[in-house]
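What follows is one chain in structure tokens, specifically the form predicted alone.
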């Protein structure tokens, strides 16, 4: 329980560091091979508050594609002792709870997850927090339910980052995984590109053209302070954090050509890694920090390569027809996702390291910049619909798809944030 509360406290600090903005509109397409029928009963007392916890939990579970919501049909048990299991024959699981107002603007939230078949309690939690934290509490409850029923960690409490462009104004934005709680990290009249989360979720690295050319920065989400990491002559781009957070891989043209370098987050300790005569770009560390994926045209067309993280010979990984860009490791290190261009359309694809088999997950179009959710079950990417840039997700098996429409502007450069460290 202490670890859960520490994780929750860090989430609250990150959410409170910047002013909240409006949400994205979500459209869900498809479902998992097997959906778990689950009933989420309105929590006792939640009608007194601006945020309904049960509504958030139900929405979280629905958009995962792995759950089928069962209508409580007016039944409102609040405690396990009040549950008549015969009434819930259509649901394998039941969520009940309560929200109680305390002093000094605080609330007490309690929830229970019940197995209606075995007629036992599976998990539960009681927590005290501020009224403004109800949505974060709801996401944490969703994570606990998801993990208990699927065996995989939930990602509802994680965050995403992206660039929203409206006219000449560009905003670097962070938001909850469902698009709510949108917060602006940086506003600029010049392009913003390639946001990258630090492993602990407390900083973003990114590229801007505020100084007339591409410069790499690292910015704290807690204090808003930022540090210039790479501002050499030419272009400085494509930052990627090492898993221990002690260095970044960046792409520089300072020595002619486009090469990958390592640098510390404070801008010190620069070291060059690649020495080919062609373009090497878009590095991404493996989860164990031992290797880098990157995009290069050294073979005549953009393809994905792998090399040791401390430098050395590179191995080509993609060979199937078309060009391949923007590789990102899966959290378990067994595969990677990337953008695959063929016949004028971009697709989101994955490839297994061992079998070398490629799988297309999307129907194709303008689909770029994929990144895995930290549990490896979803992939976030940039797409287009209704004539503007949107966010999309696809499950790692391609069955469940989601579109997230901004209220204003075009969305580009999305990246999924990490689990918060406990």
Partner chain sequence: MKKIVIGFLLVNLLAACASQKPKEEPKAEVKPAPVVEAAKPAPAPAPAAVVAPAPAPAPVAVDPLNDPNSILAKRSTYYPFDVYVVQEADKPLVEAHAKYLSEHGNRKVRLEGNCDERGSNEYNLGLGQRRADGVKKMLQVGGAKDGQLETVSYGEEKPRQTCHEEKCWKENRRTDLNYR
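Computed from a prediction, not measured in an experiment: that's the story for all the values here. Positions refer to the first chain, counted from 1.
We do not show the form predicted in complex with its partner chain, though everything after this point is about it.
Distance criterion of 4.5 Å from any heavy atom to its partner chain in the predicted bound form singles out 235 from the list 235, 183, 158, 219. With the partner omitted here, the residue from 336, 146, 197, 346 that has a non-hydrogen atom within 4.5 angstroms of its partner chain in the predicted bound form is 346.
Across the proposed site, 42, 135 and 179 without exception lack any heavy atom within 4.5 Å of its partner chain in the predicted bound form.
Residues within 4.5 angstroms of its partner chain in the predicted bound form, judged by any non-hydrogen atom, belong to 205 to 213 and to none of the other stretches in 309 to 317, 98 to 106, 205 to 213, 84 to 92. Although the partner is absent here, residue 256 lies within 4.5 Å of its partner chain in the predicted bound form, judged by heavy atoms. Proximity of residue 384 to its partner chain in the predicted bound form: non-hydrogen atoms within 4.5 Å are present.
Within this chain, residue 412 lines the site of its partner chain in the predicted bound form, having a heavy atom no more than 4.5 Å away. Remark: residue 278 counts among the residues lining its partner chain in the predicted bound form, judged by a heavy atom distance of 4.5 Å or less. If you take 82 to 105 and check each residue for a heavy atom within 4.5 Å of its partner chain in the predicted bound form, you get nothing at all.
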